[in-house]
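The chain below stands alone and is given in structure tokens; this is the form predicted on its own.
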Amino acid sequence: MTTGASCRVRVPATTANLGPGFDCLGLALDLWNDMRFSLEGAGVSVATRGDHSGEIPTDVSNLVARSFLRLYEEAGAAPPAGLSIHCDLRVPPSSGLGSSASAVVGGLLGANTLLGRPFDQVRLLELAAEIDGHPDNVAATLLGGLTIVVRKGRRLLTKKILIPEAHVAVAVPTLAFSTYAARAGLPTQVPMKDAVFNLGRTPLVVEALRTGDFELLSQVMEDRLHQATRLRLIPGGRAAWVAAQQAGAAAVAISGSGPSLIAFVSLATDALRVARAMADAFGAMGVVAQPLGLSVSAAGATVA
């Protein structure tokens, strides 16, 4: 490691849960944050660019910087005398699209690269999940594609599944939304029949995505554990959900804990059209929403 050393990390947006796969399914999306790390100057400086850059701290409290320094600590290395981070941000923060996971994974990968890669992917995933608290998002961010992740003791078991080309419509409402509040409102106990309902549908969501069977997906992306509670916290959410269905979406889900909604479509040309239908429905309820037409990304985070 030398002063002036640098690297570039690209990290994708992600959507988690996918209906019934609560806390265990994640999917990488072709929307990227770009981060450049340089060991130069004195202290920590963070420069951000993008539509939401004004909402991001530019000092050592920045989540990318904190994750970077956390890996140095984990490696037993002294923090660098100077660290400059430049972030081009395209993933909207606090949107349910894994912005915090992208920040954590980006910071860890940047530090791991500049330290000569002391940690393997398994350990990086564990560290990212520890910092972010959402293994489903960080697994999809790091690995790409469709990921299944579960805890086994202190370890995380993951499986990446490559799926055919797939396209999604996303509506990102401009709402003050707390992941903590969205989780805190969930019941601590659920009826056995509801647990079985989700258990039976989760592998079918995986199979539908793996095979590109959107007819099956339309039947199984249902949930009884978290979405009804969370949808009530999203003004205009129900109207946008119905609008996506009426516009021809095969399946609709809350992205992560919200407030964004994600809808699966069979054709790339339908993605932005359905996203606009959802955004218009939000708008009719007085909520401004950004429509996005995205593809699923087979690739996860990359380092150059």
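Note that residue numbering begins at 1 and tracks the sequence as displayed. Given the structure is predicted, the values throughout are model-derived calculations rather than measurements.
What comes next is about the form predicted in complex with L-homoserine, which does not appear here.
In summary, the region of this chain contacting L-homoserine in the predicted bound form, judged by heavy atoms within 4.5 Å and restricted to 61 to 69, 273 to 281, 253 to 261, 35 to 43, corresponds to 253 to 261. Contact check for His86: no non-hydrogen atom falls within 4.5 Å of L-homoserine in the predicted bound form.
L-homoserine in the predicted bound form comes within 4.5 Å of no heavy atom belonging to Thr141. Proximity of Arg201 to L-homoserine in the predicted bound form: non-hydrogen atoms within 4.5 Å are absent; the residue sits far from the partner. By the criterion of a heavy atom within 4.5 Å, Arg183 is counted among the residues contacting L-homoserine in the predicted bound form. Counting a residue when any of its non-hydrogen atoms is within 4.5 Å of L-homoserine in the predicted bound form, the hits in 121 to 138 run His134, Asp136, Asn137.
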